[in-house]
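To begin, one chain is listed below as structure tokens, in the form predicted on its own.
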């Protein structure tokens, strides 16, 4: 697990530099990516589903990104965009396109649908966490205004 964290940390670090993330946030964004990957690996071992594991990993990335954004006064996207990089199903997309080129349409349908569901799971997780966070902070603002 520790090696998995280190390698996902380093891959997130590379993409954080590539995306011109502010220097003070690069290490924090890498921690987000490493933690999200560990959640993904643990969930995949527990549930034996790439879709569920990607959803849980993206939820962890989104939650930590929301916390870091408020704590370190940065935008959430500074942490969330490089943080989901280890979860993006790049290999699934590659093998889907390879199946199309080889005209293996059964494999294309199987891998392609799983890849689409993994990508949808990541997007859904980020959307849910972001929406819940906004609801919590709006309710706090409403309570402050009533007082």
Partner chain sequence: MHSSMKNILALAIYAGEIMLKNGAETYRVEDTIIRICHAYNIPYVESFVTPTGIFVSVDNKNNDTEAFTFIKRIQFRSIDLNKISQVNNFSRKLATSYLSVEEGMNILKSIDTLPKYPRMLKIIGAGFASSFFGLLLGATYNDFFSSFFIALIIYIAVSFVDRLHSNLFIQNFIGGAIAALLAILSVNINLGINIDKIIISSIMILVPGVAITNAIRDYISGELLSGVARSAEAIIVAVSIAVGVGAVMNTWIYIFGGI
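Numbering follows the first chain given and starts at 1. Note that the coordinates shown come from a computational prediction; the quantities given were computed from them, not determined experimentally.
The same protein has a further form, the form predicted in complex with the partner chain, not shown here; the description that follows concerns it.
Contact annotation: residue 137 falls outside 4.5 Å of the partner chain in the model of the complex, judged by heavy atom distances. Contact annotation: residue 94 falls within 4.5 Å of the partner chain in the model of the complex, judged by heavy atom distances. Of the heavy atoms in residue 80, some are within 4.5 Å of the partner chain in the model of the complex. Residue contact check for residue 55: none of its heavy atoms lie within 4.5 Å of the partner chain in the model of the complex. Judged against the partner chain in the model of the complex with a 4.5 angstroms heavy atom cut-off, the residues 36, 51 and 115 are out of contact without exception.
Contacts of stretch 84-112 with the partner chain in the model of the complex, defined by any heavy atom lying within 4.5 Å, are made by 84, 85, 86, 88, 90, 91, 93, 94, 95, 97, 98, 101, listed in sequence order.
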